[in-house]
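Before any questions on binding or motion, here is one chain by itself as structure tokens, the form predicted on its own.
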Amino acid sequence: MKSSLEAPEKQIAEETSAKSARGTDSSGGEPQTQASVIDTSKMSAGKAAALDLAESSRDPLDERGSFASNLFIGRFDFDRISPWPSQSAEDRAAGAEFLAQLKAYLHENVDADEIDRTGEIPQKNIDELFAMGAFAIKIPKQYGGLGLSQVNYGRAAMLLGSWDANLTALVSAHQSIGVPQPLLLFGTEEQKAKYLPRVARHEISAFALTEAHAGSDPATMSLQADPTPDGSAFILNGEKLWCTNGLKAGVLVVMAKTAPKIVNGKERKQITAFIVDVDTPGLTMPHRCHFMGLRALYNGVVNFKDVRVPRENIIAGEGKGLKVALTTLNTGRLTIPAACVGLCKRLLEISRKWASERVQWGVPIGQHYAIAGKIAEMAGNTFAMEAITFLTSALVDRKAGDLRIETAMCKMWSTEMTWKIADDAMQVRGGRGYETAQSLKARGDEPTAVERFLRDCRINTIFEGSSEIMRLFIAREALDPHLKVGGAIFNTQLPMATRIKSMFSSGSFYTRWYPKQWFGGNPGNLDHLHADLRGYLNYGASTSKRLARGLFHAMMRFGPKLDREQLLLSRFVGVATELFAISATCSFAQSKIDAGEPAAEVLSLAHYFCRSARSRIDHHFAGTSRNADQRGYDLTQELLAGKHENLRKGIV
């Protein structure tokens, strides 16, 4: 039962849900998007078009149905994630044989250092992984897959991530964003029956979205799909860039621009998702891209010249492509943090072993505070990373609400922490961390590939949504209930009567909601939790109130210009993400204690992580009121204008 202090937060969810349910546009009854309360009048035409396209493809968070989304409105629903959603014995057993087989296969048959050296994954490895079902983990058995859960898929990604990033990318891109996931979410039965058996057992698939001038801004996409005169097919012309798996793929999911439609008297761009067979005439891959890491990544340029695609190969319907992409990525992103967990566990073990064996100044280096601090941080962050990733995976399996914020937080936080862990592992190993495994082996030292791990993991903060885009994505969702309640006040494109009406209705709401954000939050009944963990949840509940009022203050201060304050918004996102990690860590720790693991060891990890996370939260909050953001922005504009010439002197 929620206390009376929680009532306004419940009301904000109910009111925004009702407004979404009522809103329709004039073009055919589709749900009204939030573009109506975002003032685009002072935006450039390109930015306004990009916003309109993104908003039209976005499903509103009609009900604040997840733990992380509620943090932004001062609502701390710990009972959504506690008790820990443990994997059932049946589900664990369903994946046990495959996971054991995969683990043994990787150790005995995959030479990760040789793959890195040659830039090629042996076809034998690919064929044998197909045979064991590694490319069809979540594909239902009726289509030739293993039919396993998201948690089991995550456990497989963790194994792969601990061994070889190249194979991880091949397997993950194939089934997380390639053909399987979009078809499982949006495909017709005919599409599933035709393509899923192919990609389950013998054909790699890939996802083609990015172009030379269209990355996180799909409004600038240029690949054009024009219908044939009889309407039975589309002709694709253009080019895609950085298509992961493309050079090994037999079939692609391709995003292309189709004819625009008129919405509320304005032209809206349309993006459509197509299934495209690689052997279709006119489709070529003229260039393989090479990178700092992932040297066996089959990533390249894809050219389309009069490529004919049948209409029945459209996924979800014409104009639904961006929605397909966004929804696919919401779940697909979970594979990356799961792989990061595996890599970080590997790096932690490498560092632990070295720090206990390497003696300097008379003691093992792990007894020096400078090194001990790094290893403690690795351990605490790895524990939390596992907590948020597998909590979210379990909630996905249980279909427990809209988890787009949780998955974005998992991807953003885990990849950034992994980069730091890899960097610290190299520092702990010193020169042996920087030296290649091949060189170490040649001179008789243990061939530990820390430098390969560092190179390979750097891409994780960039692909499938860069950290910067993840922060903006999360911030947009965080602002959603406030935009629905009061956003119309600031929209100069709306009639004055509408704006005045919104002012009164939102004023009435906020006079009831805002005072409650100054009272301490209530985490609910924590009797089932170890006493040492309860303080962190009480802190989480009160800090979510502080977060909610801070976000409200920012809205009042900046109004419709808040979207430009990306660094400020990123700090609020940082606070919420750390609160999510603290809460998941406490729930995870309790599950381990309940399962019989030594409480002292579990609590040691939880205490360290939660205390360090609180320090980061303090830093984020401090930056919301004292920062150099505007000065930094102004300095950058000066640099872009060619000023500060001295900074360019003295270089080659």
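Remember, it's a predicted structure, so these values are computed and weren't measured experimentally. Sequential numbering from 1, following the sequence displayed.
Only in words, not in the display: the form predicted in complex with a small molecule, which the text now covers.
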property	result
Touches the small molecule in the predicted complex: residue 558 (any heavy atom, 4.5 Å)	no
is_contact(residue 227, the small molecule) in the predicted complex, heavy atom dist at most 4.5 Å	no
Touches the small molecule in the predicted complex: residue 459 (any heavy atom, 4.5 Å)	yes
Contact label in the predicted complex: residue 196 to the small molecule, heavy atom within 4.5 Å	no
Per-stretch contact check against the small molecule in the predicted complex, the hit in 379 to 387, 210 to 218, 316 to 324, 515 to 523 (non-hydrogen atom, 4.5 angstroms)	210 to 218
Contact assignment for the small molecule in the predicted complex, among 87, 270, 149, 466, heavy atom within 4.5 Å	466
Heavy atom within 4.5 Å of the small molecule in the predicted complex - the one residue of 299, 351, 181, 82 that qualifies	299
